[in-house]
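Next comes just one chain, in structure tokens: the form predicted on its own.
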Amino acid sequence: MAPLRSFVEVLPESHFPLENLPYGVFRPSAGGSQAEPRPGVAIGDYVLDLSAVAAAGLFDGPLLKKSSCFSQTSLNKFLEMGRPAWKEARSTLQKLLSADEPTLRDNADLKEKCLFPMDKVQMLVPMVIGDYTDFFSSMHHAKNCGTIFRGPENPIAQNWFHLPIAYHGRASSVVISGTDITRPRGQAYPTPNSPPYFGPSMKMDFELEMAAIVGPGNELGHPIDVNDAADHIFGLVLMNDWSARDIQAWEYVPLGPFLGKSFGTSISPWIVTLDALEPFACDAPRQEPHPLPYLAETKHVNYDIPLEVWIKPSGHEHPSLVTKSNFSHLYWTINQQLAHHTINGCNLRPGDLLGTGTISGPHEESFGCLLELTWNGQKPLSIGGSSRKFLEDGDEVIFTAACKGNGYNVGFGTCTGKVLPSTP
């Protein structure tokens, strides 16, 4: 099947063809900080202003015709409307942006109101995040971490193979790609016969993750069936859950991550919908033992999303590739994660963020963090001629991902962040 054609130029290597149409929230640069944020979709090197499209009466389907969802400063109202509205919007936008549809193509005034070059907008966190949960769903990552800290005899705890492990993170420190991350200070592991160290983290790390964006939630006390979970997931973003490994190692017993994680979590600006990812569905890893009935999916699938991490060391002109992984390595799927999250009656809400946990593959070149890549600093990594055990001040970390279709990509753009020195 030939790629879809848009009247907006889409280069072959673009992450944002008509097959994708990911959602975000942006502010036109021309208006500065006074410009009102508004929802948009990415097409080629442009952003389509959905508030302008709606104001022109071009959303004429039954669910969106009278809706104010695209006149909001976040996507939350649209997320809440659910899959029928998402499909209606996708169908309308694919038609409106197609090469043979004159409505927008031949209206110069409307095009000027609706289409903004990407380099002329500021991207914002696209939804109001009420709650953020981080899972621990990669078996390879779990095995490596367990081996590093507990030894190879029993690296993965027994419960890990029975349920998706997670902890509740800090929504207030989730930031948009491009936001600098200040090196955190805190307590770290004591040396023998001395108190804990206090100061800037000496083991600053990235974590290669993705995150699901919750659409319609559920009522308190009413779990979501695992086979209905996809209807409650709008799409995915790239996520870097920055970690201070030394702070985390000292604090995590007995309640898990806290200050070693909550200082910053970066997400990419474009939410790629599950509808756009559907052609890239693939079998998820076989689960042994077989999950309990509430986690047993009729369709046990992941998505084939190649993931890359690049690091540009301080003072270097170009970044270097440090690892390549794939979303398909996740042992627990996003549907299982969401179903487990609600099985006790916990209520999710539109805009909630569910991180997958670090996504590591089976081989050293596919490990998803420096903790694994350097084996907790024992095997320094060469990055563009510089040696790294962990991140140094000035280092920039760049995540990117793109599914490869037949003549097109469905991509996520990038998720970037630079490490700044600790502040007193």
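The structure displayed is predicted, hence computed values, not measured ones. From 1 onward, residues are counted along the sequence shown.
Quick note: we don't show the form predicted in complex with another copy of the chain, though the next part is all about it.
K.L.:
In the predicted complex, which of the listed residues (84, 279, 117, 190) lies with a heavy atom within 4.5 Å of another copy of the chain?
P.N.:
None of the other options qualify; the answer is 190.
K.L.:
Pick from 348, 229, 104, 148: which has a non-hydrogen atom within 4.5 Å of another copy of the chain in the predicted complex?
P.N.:
Looking at 348, 229, 104, 148 one by one, just 348 meets the 4.5 Å heavy-atom criterion.
K.L.:
Using a 4.5 angstroms cut-off on non-hydrogen atoms, would residue 323 count as touching another copy of the chain in the predicted complex?
P.N.:
Flag for residue 323 set to no.
K.L.:
Should residue 178 be classed as touching another copy of the chain in the predicted complex when contacts are defined as heavy atoms within 4.5 Å?
P.N.:
Residue 178: no, not in contact with another copy of the chain in the predicted complex.
K.L.:
State yes or no: in the predicted complex, is some non-hydrogen atom of residue 205 no more than 4.5 angstroms from a non-hydrogen atom of another copy of the chain?
P.N.:
Answer no; every heavy atom of residue 205 is more than 4.5 Å from another copy of the chain in the predicted complex.
K.L.:
Although the partner isn't part of this model, could you tell me whether residue 133 comes within 4.5 Å of another copy of the chain in the predicted complex, counting any heavy atom of the residue?
P.N.:
Result yes; residue 133 sits at the interface with another copy of the chain in the predicted complex.
K.L.:
Have a look at 333-341, 232-240, 297-305, 93-101 and name the one stretch with heavy atoms inside 4.5 Å of another copy of the chain in the predicted complex.
P.N.:
After filtering at 4.5 Å, what remains is 333-341.
K.L.:
Can you name the residues of 233-271 that have a heavy atom within 4.5 Å of another copy of the chain in the predicted complex?
P.N.:
Result: 250, 251, 252, 253, 254, 255, 256, 257, 258, 259, 262, 263.
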